[in-house]
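To begin, one chain is listed below as C-alpha cells, in the form predicted on its own.
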C-alpha cells in the first residue's frame, strides 16, 4: 500500500494517529492491516514512511520512519484570483497544487460571482489536501484570507513582479525571463476587471500580461500563469 495521508497534528516520538473519517477510510475502505506501509506528510514540507501499528474503530496508530528527502519548495507565486463558480474552484485548486503554486488569495472584485465565505475557504483547503495526496506534494497550497484588490497589492513583498492577466497585455513569457524573484499575479472575474480596477492595478505597478490568443476563463488563466512560472523556474534550475 502506497497511500498518502495528511497529518493534522505533528508526530510525536516517531508515532502518529489518524482519527475520524481518515481512520475509517484507511481501515474500512482501503482495508488496511497491521504492518501495511503508507506515507504521511505534514503540509509544511516533510513526509515520512509509516507502518500501521494498530487499528481501532475510529483510530489508526502509525509508526513512522526517518523523514524522507525534502521535496521541491513551492513556487514563489501568489495568485490573487476572483473565484469562479462551483466545482470550477475545486478543479482550479487541484491544478494549482499540482503545478506547485505557493499561495492563493481569493480576490473580492466588483464583478465577482462567488464569495469567499469561511465555508468556501475551508473547501478550498480540503481540495489542496486531497490534491497533495494524489500528486505527491508535501507542502499545502496556502489558501489566504480573502482580500480586495487594493489589499492584495499593498501586501506584496518589495521586489515582487506584479502582473494582471489582460488579453490586451504584453506576452507573459518574455517578461518572466527578465525576473528571478517572486511573482504576484492577479486574475479578474468572468466579466473581467472594471476599468477602475485595471487602472488601480497598473497604477500600483502591475504589468498587464496576455496568456493566450483567446479570452480565458478564470481558472484557465490562473492555471496558465502557474504553468508559465513553473516552466520558467524549471529552466532556471
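Predicted model only: the values in this text are computed from it and were never measured. Numbering follows the first chain given and starts at 1.
In what follows, reference is made to the form predicted in complex with a further copy of the same chain, a form of this protein that is not presented.
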query = Considering a further copy of the same chain in the model of the complex, which of 205, 173, 65, 56 comes within 4.5 Å of it through any heavy atom?
reply = 173
query = Looking at 167, 112, 146, 127, which has any heavy atom no more than 4.5 Å from a further copy of the same chain in the model of the complex?
reply = 167
inquiry  = When the contact criterion is heavy atoms within 4.5 Å, does residue 9 count as touching a further copy of the same chain in the model of the complex?
reply    = no
query = With the partner left out of view, is residue 72 within 4.5 angstroms of a further copy of the same chain in the model of the complex by any non-hydrogen atom?
reply = yes
query = Applying a 4.5 Å heavy atom distance criterion, does residue 100 contact a further copy of the same chain in the model of the complex?
reply = yes
message = With the partner left out here, check for me: in the model of the complex, does some heavy atom of residue 210 sit within 4.5 Å of a further copy of the same chain?
response = yes
query = Which of these stretches, 148-156, 118-126, 104-112, 88-96, has heavy atoms within 4.5 Å of a further copy of the same chain in the model of the complex?
reply = 88-96
key: Within 188-225, the residues that have a heavy atom no more than 4.5 Å from a further copy of the same chain in the model of the complex   = 190, 210, 211, 212, 213, 214, 215, 216, 217, 219, 220, 223, 224
